[in-house]
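Shown here is one chain on its own, the form predicted on its own, set out as structure tokens.
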């Protein structure tokens, strides 16, 4: 009788181990096998080992989850900072009624060129802008992709019913554009932003009066 009871107890404990391991496998690491130290036997060491394993797994999962959350927060922060930098790198300035300037500074790549085009066209579409000035005084170099993208930007602006002029083309940039074979014959270009402003006022029939000092 005692032997039968011992076998039944053994089977019950093994079944409990299997149950605990199954629960832990589903992600619940709070479960533990109850151990009676006073009645320690051959299975006690296994039960203790299972408890330690589940506890360690729970700690590792918690630590991994914490690191994943921290990583998500950092990525979100980086995303916000990148968005802020992008907005600062492509400022659109309304300098006069129906006239805006997009001053470009630094290196122009395809991605940045696409962003500035999207921002510019959105501004034109949602306002009464009639003249857009693309000032590239601060751009030292361009490649064929960027040059062609500028051409497409000018064409897109014109399709929205606004006029567009490119100002501030540096000599080295001009040489690169010519060397690349990009045709700017259909694009209005001026040497300085000041000339671009005069051109814009002329397009809008705004008379500029210079103040003379007495």
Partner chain sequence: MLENTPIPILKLKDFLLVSIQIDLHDRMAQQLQQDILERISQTQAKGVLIDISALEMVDSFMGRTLADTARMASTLDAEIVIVGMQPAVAITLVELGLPLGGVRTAINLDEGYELLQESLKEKASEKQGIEEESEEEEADDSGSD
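From a predicted model like this one, the values you see are computed outputs, not experimental measurements. Residue numbers count along the first chain shown, from 1.
Separately, the form predicted in complex with the partner chain exists; it is not shown, and the next lines address it.
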- Query: With the partner chain left out of view, which of 186, 27, 161, 49 would have a heavy atom within 4.5 Å of it in the predicted complex?
  - Reply: 161
- Query: What is the one choice in 108, 133, 129, 136 with a heavy atom within 4.5 Å of the partner chain in the predicted complex?
  - Reply: 129
- Which of 178-186, 65-73, 51-59, 149-157 lies within 4.5 Å of the partner chain in the predicted complex, heavy atoms considered? The stretch 149-157
- Any chance residue 122 has a heavy atom within 4.5 Å of the partner chain in the predicted complex? yes
- Message: Please determine whether residue 141 contacts the partner chain in the predicted complex, using a 4.5 Å cut-off between heavy atoms.
- Response: no
- the partner chain contact in the predicted complex: residue 112, any heavy atom under 4.5 Å: no
- Query: According to a 4.5 angstroms non-hydrogen atom cut-off, is residue 118 in contact with the partner chain in the predicted complex?
  - Reply: yes
